[in-house]
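Take a look at this single chain, the form predicted alone, given in structure tokens.
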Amino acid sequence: MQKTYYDPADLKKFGKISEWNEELGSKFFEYYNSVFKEGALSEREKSLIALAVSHTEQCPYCIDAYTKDGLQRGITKEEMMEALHVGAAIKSGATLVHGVQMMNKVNKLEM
């Protein structure tokens, strides 16, 4: 087994994050669970969004969790990859659009 900084077994420990602050942990999980309930978006759609965001945030735990969740919800590998590309496009676009700020600063300093 390959050793990595992130231990996949740690994902199962996420629920214990409340142990050192029960009040805030409970509030977080109440919010988190509410967000993923069926609403204007289906649970399937929310899972796909979560998978894309997991990649842009580069969270290996989330990637594992929402890949598994997505498969259980019938999301295909093609849909997953397309969602990943949407996330990548937004992330790269956000990086590039900040170039306008750099260009503005250069233009101001060159005056």
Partner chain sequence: MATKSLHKRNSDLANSNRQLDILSNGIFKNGELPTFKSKLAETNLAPIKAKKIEILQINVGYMCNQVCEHCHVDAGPDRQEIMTRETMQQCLNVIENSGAHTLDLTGGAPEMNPHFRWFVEEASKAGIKDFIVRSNLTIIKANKKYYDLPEFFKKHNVHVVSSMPHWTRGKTDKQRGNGVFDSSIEALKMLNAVGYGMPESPLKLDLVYNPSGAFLPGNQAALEKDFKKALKEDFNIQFHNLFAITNLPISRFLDYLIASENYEDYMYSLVEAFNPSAVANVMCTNTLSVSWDGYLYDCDFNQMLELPVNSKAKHISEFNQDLLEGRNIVISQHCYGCTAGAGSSCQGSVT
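Numbering follows the first chain given and starts at 1. Keep in mind that this is a model prediction, so the values were computed, not measured.
We do not show the form predicted together with its partner chain, though everything after this point is about it.
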With its partner chain left out here, work out from 45-53, 81-89, 22-30, 67-75 which stretch has heavy atoms within 4.5 Å of it in the model of the complex. 67-75
Please tell me whether any heavy atom belonging to H98 falls inside 4.5 Å of a heavy atom of its partner chain, as the geometry stands in the model of the complex. no
Are any of the heavy atoms in K16 no more than 4.5 Å from a heavy atom of its partner chain in the model of the complex? no
Contacts with its partner chain in the model of the complex, stretch 10-37 (heavy atom within 4.5 Å): K12
